[in-house]
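Shown here is one chain on its own, the form predicted on its own, set out as structure tokens.
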Amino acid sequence: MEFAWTFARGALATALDVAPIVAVLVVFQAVVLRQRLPNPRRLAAGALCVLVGLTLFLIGLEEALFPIGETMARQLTAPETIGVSAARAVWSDYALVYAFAAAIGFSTTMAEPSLIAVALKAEDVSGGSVGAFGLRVAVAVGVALGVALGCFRIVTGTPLPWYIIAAYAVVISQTYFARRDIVPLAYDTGGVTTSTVTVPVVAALGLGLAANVPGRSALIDGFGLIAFASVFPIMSVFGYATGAAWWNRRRLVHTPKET
């Protein structure tokens, strides 16, 4: 019964959120284009699936993903885990936190549906020169490094703008030297990583970590991990493209010519 009430409240909230999208589509189709909606039954069934799926997803966030991230952050920062009291701990005592952040960033990114879709399209459009799996791994490595560094920032309390400015300075320099065909893809991968799977877990980790490290504020220090998860994949994709191009040139040089 409790789940039914939770689902009903979530479905109502989701319906109110989705209603403007439906209204815009219907108004443009009926008023601007002056055409009837094609396959209204299929559209209604699809809208119902979206409503149910979004409702269950939001319930899952509240009931599972957010609590898991906060619980793991609390357990990893406990005195019995780091070996010293929280008041005496230094940044190096939180090595397990950085390792967990990197692992969770990598694994959630590899499972990100939007990244899988973009990687498959990139492989298809490029004729196989950009491998879907290699691109996903490169992006996941970037997210792993970014989230781990973001957790280091929370532990040390250093200002967020320093890291973001430095990261985008690197991205700008990479953009200048990169091939033109890889630049749009690299920037898009920075956006698709912060989607349905990665964002809830990473955000919960940051908030939980800031709440359990002495002297940190959940509002000031807890947010910002998503920014790291967005910018570092851009750098890793540029690095992946550069490394792949170097490897292809090296292979061509060392391949014996046919006589």
Partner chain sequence: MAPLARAAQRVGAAAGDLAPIVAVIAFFQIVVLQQPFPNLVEVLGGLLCVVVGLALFVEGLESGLFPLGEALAHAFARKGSVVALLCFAFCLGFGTTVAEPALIAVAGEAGAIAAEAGVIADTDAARAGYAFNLRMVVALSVGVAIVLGVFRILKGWPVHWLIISGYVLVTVMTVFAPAEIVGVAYDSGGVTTSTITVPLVTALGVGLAASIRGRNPLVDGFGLIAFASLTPMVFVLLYGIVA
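Numbering follows the first chain given and starts at 1. Please read all numbers here as calculations on a predicted model, not as lab measurements.
What follows is about the form predicted in complex with the partner chain, which we do not show.
- The three residues A140, S236 and A245 each lack any heavy atom within 4.5 Å of the partner chain in the predicted complex.
- Taking the partner from elsewhere, D93 is found to have every heavy atom lying beyond 4.5 Å of the partner chain in the predicted complex.
- Although the partner is absent here, L209 sits far enough away that none of its heavy atoms falls within 4.5 Å of the partner chain in the predicted complex.
- Under a 4.5 angstroms non-hydrogen atom cutoff, the partner chain in the predicted complex lacks F152 among its neighbouring residues.
- Shown alone here, S129 lies farther than 4.5 Å from the partner chain in the predicted complex, counting heavy atoms only.
- Residues of 202 to 238 lying near the partner chain in the predicted complex, listed in sequence order, are A203, L207, A218, L219, I220, F223, G224, L225, I226, A227, S230, I234, the criterion being any heavy atom within 4.5 Å.
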